[in-house]
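First, one chain by itself: the form predicted alone, in structure tokens.
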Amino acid sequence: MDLSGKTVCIIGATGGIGREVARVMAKRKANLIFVSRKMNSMDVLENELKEENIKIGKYTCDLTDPKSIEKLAKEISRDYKSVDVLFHLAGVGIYKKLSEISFEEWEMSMDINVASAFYSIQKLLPLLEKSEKVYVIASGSGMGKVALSGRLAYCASKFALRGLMLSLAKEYRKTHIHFVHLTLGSVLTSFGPLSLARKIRKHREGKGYLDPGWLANHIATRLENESLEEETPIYPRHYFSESKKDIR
């Protein structure tokens, strides 16, 4: 897939992975649609990319609110005729035990990590159907395959996201819309309970993390080569053995 001139929508554009994906897609001259909670964060990212001379649309959305997602889809449909690549990179990582987690935290995990993926894909489907070849890519986790103690909301939501994306991949297998579940290992961003600074220290001590810039380039290259599979695992070395004894 030649990404030049393609319309790429990034839900979670200002997060650690989303920001790097936006930069990589801009370098490849794709036209971008940013979706995030705060307009000022998208303004900063847009300013970083101004020299790329591409079209950028910016839309705020509360991914915990179905009405906000419906409004988002209407606004994008008003402004664009089609979408070629849809990334769902938004997520929340709440790592707590059963006795500690609140219902609000459980609900937020499910809303952002799973429900928003389902509903945004469903509401943007008419735009996806208008493109000749489409990729819908969601950032999952190895914790959607291996459950660990102390991460029940995160693991449950990522198991559900994996099921959603793999089911959609089968449902649309004979169509021009390709669904891809990225089964990711730990990424060197501020996502989750650990600060980026602490993750950097742990990385220097030997813990494996994926570099977000490398990850974004890897995804873009596989998009160009059309080598993304329905489930595409990308792990740092020793990811599962380390995860069993260490919070990300």
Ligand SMILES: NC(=O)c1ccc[n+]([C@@H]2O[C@H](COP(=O)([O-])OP(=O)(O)OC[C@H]3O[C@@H](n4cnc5c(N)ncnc54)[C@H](OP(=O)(O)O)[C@@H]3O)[C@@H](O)[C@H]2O)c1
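Keep in mind that what you see is a predicted model, and the values were worked out from it rather than measured. Start at 1 with the first residue shown and count on from there.
Omitted here: the form predicted together with the ligand. The next part is about that form.
Looking at residue 21, you'd find every heavy atom of it more than 4.5 angstroms from the ligand in the predicted complex. Looking at residue 16, you'd find a heavy atom of it within 4.5 angstroms of the ligand in the predicted complex. Using a 4.5 angstroms threshold between heavy atoms, residue 191 counts as touching the ligand in the predicted complex. Under a 4.5 angstroms non-hydrogen atom cutoff, the ligand in the predicted complex lacks residue 109 among its neighbouring residues. A heavy atom within 4.5 Å of the ligand in the predicted complex is found for one listed residue only; from 67, 38, 55, 204, this is 38. 89 is the sole member of 89, 115, 134, 124 with a non-hydrogen atom lying within 4.5 angstroms of the ligand in the predicted complex. Residue heavy atoms within 4.5 Å of the ligand in the predicted complex occur in exactly one stretch of 98-106, 138-146, 79-87, 172-180, and that stretch is 138-146. Annotation for 157-190: interface residues with the ligand in the predicted complex are 158, 184, 185, 186, 187, 189, 190 [heavy atom within 4.5 Å].
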